[in-house]
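One chain is shown next in C-alpha cells, namely the form predicted alone.
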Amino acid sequence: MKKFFIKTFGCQMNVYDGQRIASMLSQRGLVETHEVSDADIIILNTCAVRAKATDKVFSALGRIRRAKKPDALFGIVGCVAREAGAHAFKRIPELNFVLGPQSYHKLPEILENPDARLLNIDLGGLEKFDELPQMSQSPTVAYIPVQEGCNHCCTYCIVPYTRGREVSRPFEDVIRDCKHAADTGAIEICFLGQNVNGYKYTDSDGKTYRLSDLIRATAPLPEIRRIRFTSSYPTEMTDDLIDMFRTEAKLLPFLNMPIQSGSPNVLTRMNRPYELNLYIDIVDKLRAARPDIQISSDFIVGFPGETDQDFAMTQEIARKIKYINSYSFKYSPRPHTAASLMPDQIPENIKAARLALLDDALNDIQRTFNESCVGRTLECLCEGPDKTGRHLVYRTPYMQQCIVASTDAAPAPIAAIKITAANKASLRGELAD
C-alpha cells in the first residue's frame, strides 16, 4: 500500500489545503505516514508570506531529498510554488511537481504519470473547490474557505501575486460545505479568507450575501457549537457583521483584526488606507456589541522609513487596545511587492531591537489577560491529548490553549473548564463540577 507524507507551513488557509490534500490522497487508497523515508509521495504545502518562511521550505526540501526513497515522488504546492515557479526545479532537480495554491487538485495527474514533471502555477478561480471530493470525515474544527485572494494590495504583501485577486465562493456552496462538515464530525466552523470579511457574493437573482449571512445560515446547525472567522481587514468590519457579535451566541467573542502599525505615516506607506480613529471606533463598536469580546492583531516592525516616533505609536496602540494575542514580525522584503523597492530600508539590528520591545509589551498584555481568567469557568473545545498522553488540550472561547489532566473517561467535545493557573502562553484547568 502506497503512503504519502505532507508537511504544511503557514496560515490557516494552508491548514485547510493540507487537510483537503490528505483527504484526496486517502480517498485514492494512499495512507498517510509521518516518516519521510516511508513515503511514496512527499508534499510540502508552503507559505511565502515572509522570506524566513520561504527559506524554511527550501531548507526542508534539501533535507528531504537526502532522506527520501529513490523512487518517491516529491514536490511542493502552495504559495512558494507560485513564487518560485519553474526555478524550483533548477534549485531542487529532484522535484517532480510544483503546484500553486489553486492547482493542488491536479495532484492525481502526477500519480497517474509519475515520470512526468508537472508545473501548474496558474491563478485560477474557484476550480479547485469544484474538483475536490468532499471529505469523508471532518476534523473537529472545520476550516471553510469563503473567498481567496485580496484586492487591498498592501505594499509589503505577496498574497495578491500568489493567491490572486479576491474571488468569493457561491453562498450555497459554502453552506453545503458547512452542512457536510456538521454531518461528518465538525463542532466548530472557522470561515477562512485572506480578506474573509470582504466576502461578497451576488446570486443569479441579484441577491447579495455577506459574511454575516454565512454566519446566520450556519448557526442553526445543531452539531455546530462554535463559529469564528479569520482574517479580517478593518474597513470591511461592517455594522451588519459587528451586530452578529451582539445577536449570535455561537459566534466566539474573539476577533483577529490586524492593524500592522500604529503610525498613520507607516500605514499610508503600507497602503492600508484607514485612520487610527476609524480602527479604534470599530473596536469600540465591537465591545459595545459584545462586552466580553477580545481582540488579537498582527504587527510589522521596521517597515521602510519607520522612525522611532512611528514605532512608539505602534507600542501605544498595542497598550490602548490591549490585544490578548498577537503575531509580530520584522518587516521582510518580498518579491513582486512595492515595499521591497522602497528607500530607507531599516537595518536588521534596529528591526530586531524594536521587535523585542514590542514582543515584551504584547507578552505582558497577554499574560495579564490569561491571569485574569484564573477562577473563571469557560466552555472549551477539546482538541485531544498532548504529546505525553497525560493531559488533554482544550481551546477556550478566546483561543487560548488550556491544559487539563486526562481521566479514564472519554472527553466530551465541549466541556466546562475551571481555570486554575495561567502563564503567558497557556492556561491550566480542571473539569468543572
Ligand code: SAH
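Small disclaimer: the values here were computed from a predicted structure and weren't measured. So that there is no doubt, residue numbering starts at 1 and follows the sequence shown.
Below, we refer to the form predicted in complex with the named molecule, which is not included among the displayed structures.
Trainee: Exactly one of 395, 391, 50, 68 has a non-hydrogen atom within 4.5 Å of the named molecule in the model of the complex; which residue is it?
Mentor: For this set of options, the contacting one is 50.
Trainee: Check each of 157, 146, 252, 295 and return the one that places a heavy atom within 4.5 angstroms of the named molecule in the model of the complex.
Mentor: Residue within 4.5 Å of the partner: 157.
Trainee: Only one of 307-315, 133-141, 77-85, 322-330 gets a heavy atom within 4.5 Å of the named molecule in the model of the complex; which is it?
Mentor: Flagged stretch: 322-330.
Trainee: Please check if residue 218 has a heavy atom lying within 4.5 Å of any heavy atom of the named molecule in the model of the complex.
Mentor: Close contact is absent here: in the model of the complex, residue 218 is far from the named molecule, nothing within 4.5 Å, heavy atoms only.
Trainee: Give a yes/no on whether residue 300 approaches the named molecule to within 4.5 Å in the model of the complex, heavy atoms considered.
Mentor: Yes, residue 300 sits close enough to the named molecule in the model of the complex that at least one of its heavy atoms falls within 4.5 Å.
Trainee: Residue-level contact is defined here as any heavy atom of the residue lying within 4.5 Å of the named molecule in the model of the complex; does residue 212 satisfy this criterion?
Mentor: Residue-level check for residue 212: no, no contact with the named molecule.
Trainee: At the 4.5 Å heavy atom threshold, is residue 193 in contact with the named molecule in the model of the complex?
Mentor: Output for residue 193 is yes: heavy atoms within 4.5 Å of the named molecule.
Trainee: Flag this candidate site as yes only if 231, 260 and 334 all have a heavy atom within 4.5 Å of the named molecule in the model of the complex; otherwise mark no.
Mentor: Judged in the model of the complex, 231, 260 and 334 all sit within 4.5 Å of the named molecule.
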